[in-house]
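Take a look at this single chain, the form predicted on its own, given in structure tokens.
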């Protein structure tokens, strides 16, 4: 069967291998969009990978005043971990240290679900007995006095067990500039979609990894098969004319959300065709041994 090509760019016959996660969404509001974004960016900092960060998090999208519970500018944030206890800890710490502390902020549930995570419930103790609660429309809210006025926070938020982590695309090309431009287009296209985030810096990973290392205790190391500078020294997976590879990692609230994001990403990468310097679109997997979610590129393209 001949290779599938889009505008001269080869779509490698492979799949992205992803794994189950648990996730939640919260809504952060503030007097201005600038401050809502400051709070959200701070909360989602150092959250690229559960390997070392404890969580994977990012901004899903900005919200208009009509979309937020208190009628102020807002931001929807997604947070993912491998189990509910870790997600609860990360949610408490990140909201407590980055949203409670942010001038003018408030925090609300962004997801429904039978399983609930504590949101304002553990933070209320910061009020030292002066905190107050109120139930509106069947939902409990906490008003916590702070030097800047009060911090309003919903008591709980929902959690999903259907989240998926590790969807990915590998972009190969003749130069770093061409590959970076293509990945930037893809991340921008994915940012317009609900239910997904790209948690790495700017949504892009330059240091894709493989499992294990020659060094004891090192659980991950550079993906040498896709490192252009090692083509002559290792069993390389790269064609001779490829001089740069970058990766986009995608986390989603559902597998369908990942599928949709990868579809949008592939077509955004291929928008300029092979004349831009992009040669291949591929994906990372571990032979099906890492996770049960397999996103086959040739099926996603259609």
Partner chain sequence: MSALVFEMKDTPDQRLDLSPLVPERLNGLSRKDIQAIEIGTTRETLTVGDAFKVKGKNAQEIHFDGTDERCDKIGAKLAGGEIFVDGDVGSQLGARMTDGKIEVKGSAGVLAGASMTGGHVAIRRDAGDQAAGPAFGETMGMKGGFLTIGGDTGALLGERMRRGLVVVGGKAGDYAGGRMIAGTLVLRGGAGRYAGYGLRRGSLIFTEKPKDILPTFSDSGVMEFDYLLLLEKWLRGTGMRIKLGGRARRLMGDMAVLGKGEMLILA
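No experiment lies behind these values; they were computed from the predicted model shown. Positions refer to the first chain, counted from 1.
Missing here is the form predicted together with the partner chain; even so, the following discussion is about that form.
Among heavy atoms of residue 130, some come within 4.5 Å of the partner chain in the predicted bound form.
When the partner chain is considered in the predicted bound form, residue 72 lines it closely, a heavy atom lying within 4.5 Å. Residue 275 falls outside the set of residues with a heavy atom inside 4.5 Å of the partner chain in the predicted bound form. Residue contact with the partner chain in the predicted bound form: residue 140 places a heavy atom within 4.5 Å of it. Among the residues 81, 168, 198, 105, the one placing a heavy atom within 4.5 Å of the partner chain in the predicted bound form is 105. Residue 150 is the only one of 177, 112, 224, 150 with a heavy atom lying within 4.5 Å of the partner chain in the predicted bound form.
The candidate stretches are 181-189, 97-105, 225-233, 118-126, and the one lying within 4.5 Å of the partner chain in the predicted bound form by heavy atoms is 97-105.
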